[in-house]
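One chain is shown next in structure tokens, namely the form predicted on its own.
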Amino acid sequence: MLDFRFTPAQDAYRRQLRELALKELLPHYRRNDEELRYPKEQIQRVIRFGNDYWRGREDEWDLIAVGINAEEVARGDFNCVLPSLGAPYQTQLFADFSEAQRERWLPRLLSGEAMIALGITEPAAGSDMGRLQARAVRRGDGWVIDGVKNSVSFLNAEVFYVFARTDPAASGWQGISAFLVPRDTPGLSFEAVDDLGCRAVPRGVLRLDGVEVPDTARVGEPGSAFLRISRFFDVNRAVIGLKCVGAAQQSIDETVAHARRRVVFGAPMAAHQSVSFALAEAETHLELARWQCYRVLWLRQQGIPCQREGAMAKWWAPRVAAEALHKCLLLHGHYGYSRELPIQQRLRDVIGWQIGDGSEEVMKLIVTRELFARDGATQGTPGDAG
């Protein structure tokens, strides 16, 4: 029997986290964007709340709770989500860290005192990791890394999780290894990018010029980095979807209140079907996207493969969230178009995640490959002539 209910503990967590987000995060959202201010204090506040709430019942602190965190925190400040998701999320990313690596990095990362950034994307290799150009060459007891990583979110990170090819004879995604590179390592340089949205989180280019790291900085076995990080992508794509849904849902709620108050042609806006139906459609799409994301988290928690479902969530949820936000902006008129309301900022932030962690087109490729790999699914393949 399917059961789509949250547990009582999850329901209470949802309510309390939403209250915190609207009371303590939302008032800082605009300022952080305008001043390019990383919301470290707000992130740490969310982390403390989660730690306190789940203390003594850590067995209930699961990936569904992570999804709740993403959705509710995004109502207040979209840019506080990823660093504040807590231990269940972080352990997905840190699954292959050695004991020494965990001891060195986890306490500060889990407290929000420090941040980790993924260094995967390159100028000629975005979602296609098989075209990775960065190289790591063995030298004595360590490695020397050279390459350029762009679109690195959290360029202010204390440590970078860098992916580089260690086997030049390997092709595609094989022969790629990962390394933890501290920010103060000689040979690292940084170049910020002036983004349209998510401006409180610095993003940009990471250059590695003869960067030397010991072998103890390597994560997992050599050449296995792609397979390991791909397990994390499923979770991350659901989290991205839920934070986009959360931001859009808050704007829907605000727009419903606006439509009740605002009188147009002698009646509240809500009485006009052109308004109410538009909001009903947006609400429907968000609800469907929401439950697809939670389904991915549930599947991953059960150890069930969910790459296809994760790809579906990643391309669908940010799209419908952006469409809902656009509609909310229009229903507020020129006031919605101004910086006085957070709708425009949420729209700018969400659009960035239609690209980040894999574009819509790449996600559809993942779905398509599985769709046409099914035995007897079709008599032909895309492009076959009859």
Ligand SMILES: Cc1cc2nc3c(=O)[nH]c(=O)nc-3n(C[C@H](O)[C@H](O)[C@H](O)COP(=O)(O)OP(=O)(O)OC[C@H]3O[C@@H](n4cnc5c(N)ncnc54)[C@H](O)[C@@H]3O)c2cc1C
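None of these values were measured; they are calculated from a predicted model. One-based numbering along the sequence shown.
Below, we turn to the form predicted in complex with the named molecule, even though it does not appear here.
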Since only the chain is shown here, I'm wondering whether L330 would be in contact with the named molecule in the model of the complex (any heavy atom pair within 4.5 Å). no
Taking heavy atoms and a 4.5 Å cut-off, does G126 contact the named molecule in the model of the complex? yes
Residue contact check: L118 to the named molecule in the model of the complex, 4.5 Å heavy atom: yes
Going by a heavy atom distance of 4.5 Å, is G358 a contact of the named molecule in the model of the complex? yes
Mind telling me which stretch in 46-54, 346-354, 23-31, 315-323 gets its heavy atoms within 4.5 Å of the named molecule in the model of the complex? 346-354
Has each of R75, Q249 and L299 got a heavy atom lying within 4.5 angstroms of the named molecule in the model of the complex? no
Exactly one residue in R308, H258, R203, R218 has a non-hydrogen atom within 4.5 Å of the named molecule in the model of the complex; which is it? R203
In the model of the complex, the residue from Q101, Q292, T185, S153 with a non-hydrogen atom within 4.5 Å of the named molecule is S153
